[in-house]
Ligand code: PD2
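One chain comes next, on its own, written out as structure tokens in the form predicted on its own.
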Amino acid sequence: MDSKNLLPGVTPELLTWLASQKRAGFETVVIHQALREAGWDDAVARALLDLPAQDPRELEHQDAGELPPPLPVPWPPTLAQHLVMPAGDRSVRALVVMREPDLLVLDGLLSDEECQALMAAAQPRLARSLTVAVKTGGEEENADRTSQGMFFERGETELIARIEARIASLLNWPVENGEGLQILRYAPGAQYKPHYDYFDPAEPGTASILTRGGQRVATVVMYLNEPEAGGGTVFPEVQLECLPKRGNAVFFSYSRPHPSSRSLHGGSPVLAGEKWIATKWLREREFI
């Protein structure tokens, strides 16, 4: 579909906004009023309301046969009714809710004691962080990632198993579909430049990576401490920065392994102090 020739004066930015309003559940009369208040002719406004609730970037890639099909993704089943959600052994509050991309800022996912215990357990095993080598399916150092890190095996300790069960309960996603918990330490100046967490289908190493549990479909970043300055988690495409607060977390999903997911994110440089986080990646199937 060529949005440029659809209606006179209609831009891709307007269509993106229109799709977001429809997906968020706003009534037609509300969207129509907003369009009229923005100066659109009544006939054009009504024609826009008849368009599919789809981002024009996705339509362009669909026309070219480039867009992967959507996958099921985790999401708290009770969020529509309650901002304080059950998570197994504790309750968790949603502070920020976004639907493009699907993103939550969560208050109190971890206790202070759990944060301290994770850092203490990880400290002796920290090493230069690696990233997935998409060309081969292995791991490699990446100049864009300047942290130290380590992985716990799934269910390695009682603490790890408890946190994994909490995340599974909150997001209605099986424990076995999660990768092992990763702990990262960012010293002053360390960062992770914006990137995607899914595995690019176009890369030669992706096929072998997917044999272990399919695509990544969601990420949970948990803040274990509070640096003195910097170290936020940024989402450049939606101009959002989540500031690190001990025990809080940011969750986001990506139903398609494609930039149209708007899941581009990064770790801003730590300006003072240290930043510790725990990251949990969720797969579409059992991770082995």
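Counting begins at 1, following the sequence as shown. Computed from a prediction, not measured in an experiment: that's the story for all the values here.
FYI, the form predicted in complex with the named molecule isn't displayed, but the following is about it.
Chemist: Thinking of the named molecule in the predicted bound form, which stretch from 113-121, 166-174, 92-100, 184-192 has heavy atoms inside 4.5 Å of it?
Modeler: Partner-contacting stretch among the options: 184-192.
Chemist: Hey, in the predicted bound form, is residue 266 touching the named molecule, heavy atoms inside 4.5 Å?
Modeler: Because a heavy atom of residue 266 falls inside 4.5 Å of the named molecule in the predicted bound form, the answer is yes.
Chemist: Is there a heavy atom of residue 287 no more than 4.5 Å from a heavy atom of the named molecule in the predicted bound form?
Modeler: Output for residue 287 is no: heavy atoms all beyond 4.5 Å of the named molecule.
Chemist: Evaluate residue 233 for contact with the named molecule in the predicted bound form, applying a 4.5 angstroms cut-off between non-hydrogen atoms, and reply yes or no.
Modeler: Residue 233: yes, in contact with the named molecule in the predicted bound form.
Chemist: Whether residue 15 contacts the named molecule in the predicted bound form should be assessed with a 4.5 Å heavy atom distance threshold; does it?
Modeler: So residue 15 does not count as contacting the named molecule.
Chemist: From first to last in sequence, which residues of 265-288 have any non-hydrogen atom within 4.5 angstroms of the named molecule in the predicted bound form?
Modeler: The stretch touches the partner through 265, 266, 267, 275, 277, 279, 281.
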